[in-house]
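Next up is one chain by itself, shown in structure tokens, the form predicted on its own.
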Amino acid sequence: MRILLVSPRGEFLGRSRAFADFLRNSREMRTILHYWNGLGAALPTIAALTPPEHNVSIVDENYQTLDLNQDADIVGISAMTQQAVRAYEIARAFRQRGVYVVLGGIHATVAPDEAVRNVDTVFMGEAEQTWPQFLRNFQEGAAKRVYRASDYGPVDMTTIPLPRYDLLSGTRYPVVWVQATRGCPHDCEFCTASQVYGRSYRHKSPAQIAAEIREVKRYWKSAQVGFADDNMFVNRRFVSTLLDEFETLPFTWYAQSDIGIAGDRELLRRLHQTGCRIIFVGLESVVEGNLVNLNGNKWKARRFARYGEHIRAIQESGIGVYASFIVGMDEDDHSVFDRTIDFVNQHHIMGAQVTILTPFPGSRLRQRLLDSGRITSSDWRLYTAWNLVVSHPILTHAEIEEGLLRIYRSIYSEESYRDRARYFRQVFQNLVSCG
């Protein structure tokens, strides 16, 4: 069979003209956005799960042009929420020509009733077991409308094949995302990842991950390696063995983690030694009250008072913190914008991603805001985390969007950039002098 896999074009940023003008004229922001794009692991993994007798191709609309008249027996689409509208447009175009269309990814998992109205088959959750079963059923003329990963049990990640990176090797990606682990124990109110991967922590084998990195570097010698895992360093024993493998690989990389790694100085030393240069950390807010009900066990709220100390420990090990903050949370008032600016600058944070509170489908946050009548739009194209789609008890729509822009203009100004540069210059001088 001819199988076409598609990643739909995304609307990854807000629609504010003022914000667009800022992005166009900010060298620092253009650089950051450049490195947050890239090749994800989902479609190359689906391609690897496809038996070799089938012909598979991948089109990433964010880097390539999709021919809606392309010949195919099956079109498989993977989409996040903000890609859903475009995914349905693609599905409609191919189905009108009699092509069988399937949809997976996070949006299909959390909104299957909507998805199934737009495609022939929907995949909910992990596809390592359901995709091969679907292909067998399809060839037998008995494909089901919905395949649920929960019907098959947890995926053993050590059995996942090497992703077919070769199918996109001609595309000049700035970063290639590798997935080493799945699951996060914290279950934040706004997060939908636990709906796909659950809270149990699972991982590939260290040798398996090293093989994927070698394959990435085979095709993209200058691309960065990013780990797409929601919380990569939960299992310290596994991480220690993984870093043993990384010692044999000359590459630099970045990952996502909770702030808890700051207390493990030996882990930080080894992360830097093996090429980790940036860690993305979800701090979420500079307002402590916003963190109290974020996790059931108040995990982040209990660490709030030591955020500055933890950031310093990570960055003085030679690893930059790229912090994530959300504005528009319930306890925010007019001071939150300046407080966020002051926090980022005071702690010399290497970079910050500041987004607007967004009630993604499948999250506990969405249900709470639906119950209180605060969701103002369910146009999925606006669900980029850069557009306001909820009403706030204190702040107006304009105040939140203007405040967000003020944060970015300040923390990525030339003055702030020079201050961070001086700080990290001193950090690396200290590391060199200490041997």
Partner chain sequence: MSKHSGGTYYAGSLRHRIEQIVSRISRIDASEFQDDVLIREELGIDSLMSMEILATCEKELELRLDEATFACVETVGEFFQLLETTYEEQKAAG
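Positions refer to the first chain, counted from 1. Everything numeric in this text was worked out from a predicted model, so none of it was measured.
Absent from the display: the form predicted in complex with its partner chain. The rest refers to it.
Contact with its partner chain, judged by heavy atoms within 4.5 Å in the predicted bound form, is confined among 316-324, 82-90, 151-159, 106-114 to 316-324. Contact annotation: Gln273 falls within 4.5 Å of its partner chain in the predicted bound form, judged by heavy atom distances. Although the partner is absent here, Gln224 sits close enough that one of its heavy atoms falls within 4.5 Å of its partner chain in the predicted bound form. Residue contact with its partner chain in the predicted bound form: Thr252 places a heavy atom within 4.5 Å of it. When its partner chain is considered in the predicted bound form, Arg425 lines it closely, a heavy atom lying within 4.5 Å. Using a 4.5 Å cut-off to its partner chain in the predicted bound form, each of Phe246, Tyr417 and Gln429 places a heavy atom inside that distance. Screening Arg312, Arg277, Arg269, Arg202 for any heavy atom within 4.5 Å of its partner chain in the predicted bound form leaves a single hit, Arg277. With the partner omitted here, the residue from Arg136, Arg302, Arg172, Arg237 that has a non-hydrogen atom within 4.5 angstroms of its partner chain in the predicted bound form is Arg172.
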